[in-house]
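As C-alpha coordinates, one chain now follows by itself in the form predicted alone.
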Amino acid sequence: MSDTYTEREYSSLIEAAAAAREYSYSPYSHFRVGAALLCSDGTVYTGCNIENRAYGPTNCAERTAFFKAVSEGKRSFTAIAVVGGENETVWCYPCGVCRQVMAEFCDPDTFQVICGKSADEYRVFTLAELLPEMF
(Lines give C-alpha, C1' and ligand atoms only; values in the text may rest on other atoms or scores of the structure.)
Protein backbone atom coordinates (compact mmCIF):
# COMPACT_ATOMS: atom_id res chain seq x y z
CA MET A 1 0.00 0.00 0.00
CA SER A 2 1.22 3.48 -0.74
CA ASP A 3 1.18 6.50 1.57
CA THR A 4 -2.03 7.59 -0.15
CA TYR A 5 -4.91 5.34 0.82
CA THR A 6 -8.08 4.76 -1.09
CA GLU A 7 -11.55 4.19 0.32
CA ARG A 8 -11.29 0.60 -0.92
CA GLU A 9 -8.08 0.02 1.05
CA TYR A 10 -9.60 1.48 4.22
CA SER A 11 -12.75 -0.59 3.71
CA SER A 12 -10.71 -3.78 3.28
CA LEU A 13 -8.93 -3.27 6.60
CA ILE A 14 -12.21 -2.43 8.35
CA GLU A 15 -13.79 -5.60 6.98
CA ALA A 16 -10.84 -7.66 8.25
CA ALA A 17 -11.20 -6.03 11.69
CA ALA A 18 -14.94 -6.78 11.71
CA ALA A 19 -14.24 -10.43 10.87
CA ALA A 20 -11.68 -10.63 13.72
CA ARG A 21 -14.26 -9.17 16.11
CA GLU A 22 -16.25 -12.39 15.70
CA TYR A 23 -13.55 -14.24 17.69
CA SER A 24 -13.74 -11.85 20.65
CA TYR A 25 -13.84 -13.40 24.10
CA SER A 26 -15.76 -10.75 26.05
CA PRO A 27 -18.07 -12.44 28.59
CA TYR A 28 -17.71 -9.59 31.11
CA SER A 29 -18.02 -6.36 29.14
CA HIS A 30 -19.96 -7.88 26.22
CA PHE A 31 -18.12 -5.31 24.07
CA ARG A 32 -16.54 -7.13 21.15
CA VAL A 33 -13.58 -5.49 19.40
CA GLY A 34 -11.62 -6.48 16.31
CA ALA A 35 -8.48 -5.01 14.79
CA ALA A 36 -6.58 -5.43 11.53
CA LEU A 37 -2.94 -4.30 11.44
CA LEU A 38 -1.32 -3.55 8.10
CA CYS A 39 2.42 -4.19 7.84
CA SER A 40 4.57 -2.20 5.45
CA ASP A 41 5.02 -5.32 3.29
CA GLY A 42 1.23 -5.65 2.87
CA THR A 43 0.74 -8.45 5.39
CA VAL A 44 -2.31 -8.05 7.62
CA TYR A 45 -2.49 -9.37 11.18
CA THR A 46 -5.82 -9.45 12.98
CA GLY A 47 -6.72 -9.53 16.64
CA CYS A 48 -9.69 -9.51 18.97
CA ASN A 49 -10.14 -8.51 22.58
CA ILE A 50 -9.66 -11.32 25.09
CA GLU A 51 -11.06 -10.66 28.55
CA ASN A 52 -10.25 -12.22 31.90
CA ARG A 53 -12.32 -12.13 35.06
CA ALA A 54 -9.38 -10.48 36.86
CA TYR A 55 -9.47 -7.65 34.25
CA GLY A 56 -5.71 -6.95 34.45
CA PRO A 57 -4.81 -9.87 32.18
CA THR A 58 -7.34 -8.69 29.58
CA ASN A 59 -5.82 -7.90 26.19
CA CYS A 60 -7.24 -5.47 23.65
CA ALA A 61 -7.73 -6.35 19.98
CA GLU A 62 -5.12 -3.85 18.85
CA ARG A 63 -2.41 -5.26 21.12
CA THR A 64 -3.34 -8.80 20.11
CA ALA A 65 -2.72 -7.88 16.46
CA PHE A 66 0.55 -6.09 17.26
CA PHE A 67 1.85 -8.91 19.45
CA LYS A 68 1.03 -11.50 16.80
CA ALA A 69 2.88 -9.48 14.16
CA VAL A 70 5.91 -8.71 16.33
CA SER A 71 6.14 -12.34 17.47
CA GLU A 72 6.49 -13.29 13.80
CA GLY A 73 9.28 -10.79 13.14
CA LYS A 74 7.32 -7.83 11.77
CA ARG A 75 8.49 -4.40 12.90
CA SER A 76 7.23 -1.99 10.24
CA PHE A 77 3.57 -0.97 10.23
CA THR A 78 1.42 1.34 8.12
CA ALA A 79 -2.11 1.35 9.56
CA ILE A 80 -4.57 -0.34 11.89
CA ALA A 81 -8.36 -0.55 11.65
CA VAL A 82 -10.44 -0.95 14.81
CA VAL A 83 -14.14 -1.81 15.09
CA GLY A 84 -16.14 -2.46 18.23
CA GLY A 85 -19.59 -3.23 19.50
CA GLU A 86 -22.27 -5.48 18.06
CA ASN A 87 -23.52 -3.23 15.30
CA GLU A 88 -22.59 -0.23 13.20
CA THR A 89 -23.63 2.44 15.71
CA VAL A 90 -20.57 2.66 17.97
CA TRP A 91 -17.24 4.38 17.37
CA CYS A 92 -14.36 2.45 18.92
CA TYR A 93 -11.01 4.10 19.60
CA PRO A 94 -7.81 2.47 20.91
CA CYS A 95 -7.23 2.81 24.64
CA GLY A 96 -4.18 4.62 26.01
CA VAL A 97 -2.20 1.42 26.53
CA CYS A 98 -2.78 0.36 22.92
CA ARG A 99 -1.80 3.81 21.69
CA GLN A 100 1.46 3.55 23.63
CA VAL A 101 2.17 0.10 22.12
CA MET A 102 1.60 1.63 18.68
CA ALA A 103 4.07 4.39 19.58
CA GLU A 104 6.71 1.76 20.35
CA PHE A 105 6.64 0.46 16.78
CA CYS A 106 5.16 3.16 14.53
CA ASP A 107 6.01 6.59 13.18
CA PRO A 108 3.42 8.78 14.94
CA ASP A 109 3.20 11.21 12.04
CA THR A 110 2.48 8.63 9.34
CA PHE A 111 0.88 5.63 11.06
CA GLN A 112 -2.86 5.66 10.34
CA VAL A 113 -5.49 4.64 12.91
CA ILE A 114 -8.82 3.88 11.23
CA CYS A 115 -11.79 3.80 13.60
CA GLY A 116 -14.74 2.30 11.80
CA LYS A 117 -18.41 1.76 12.37
CA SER A 118 -18.57 0.00 9.01
CA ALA A 119 -16.63 -0.26 5.76
CA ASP A 120 -18.48 2.85 4.61
CA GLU A 121 -18.33 4.93 7.78
CA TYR A 122 -14.96 5.51 9.42
CA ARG A 123 -12.60 8.15 10.79
CA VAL A 124 -8.87 8.26 10.12
CA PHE A 125 -6.26 9.73 12.47
CA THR A 126 -2.51 9.71 12.70
CA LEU A 127 -1.11 8.21 15.87
CA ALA A 128 0.24 11.67 16.78
CA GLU A 129 -3.30 13.03 16.72
CA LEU A 130 -4.51 10.31 19.09
CA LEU A 131 -1.48 10.32 21.39
CA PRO A 132 0.08 13.78 21.65
CA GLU A 133 3.09 14.11 23.94
CA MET A 134 3.63 10.35 23.92
CA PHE A 135 6.08 8.74 26.32
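Because the structure is predicted, anything quoted here is derived from the model rather than measured. Numbers follow the displayed sequence, beginning with 1.
Same protein, other form: the form predicted together with a small molecule, not shown, and the subject of what follows.
Trainee: Among the candidate residues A69, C92, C106, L38, which is the single one with a non-hydrogen atom no more than 4.5 Å from the small molecule in the model of the complex?
Mentor: Checked against the cut-off, the match is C92.
Trainee: Are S29, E51 and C60 jointly within 4.5 Å of the small molecule in the model of the complex, each by at least one heavy atom?
Mentor: Yes, the whole trio is in contact, each within 4.5 Å by some heavy atom.
Trainee: From the candidate stretches 92-100, 38-46, 71-79, 106-114, select the single one in contact with the small molecule in the model of the complex, where contact means a heavy atom within 4.5 Å.
Mentor: The contacting stretch here is 92-100.
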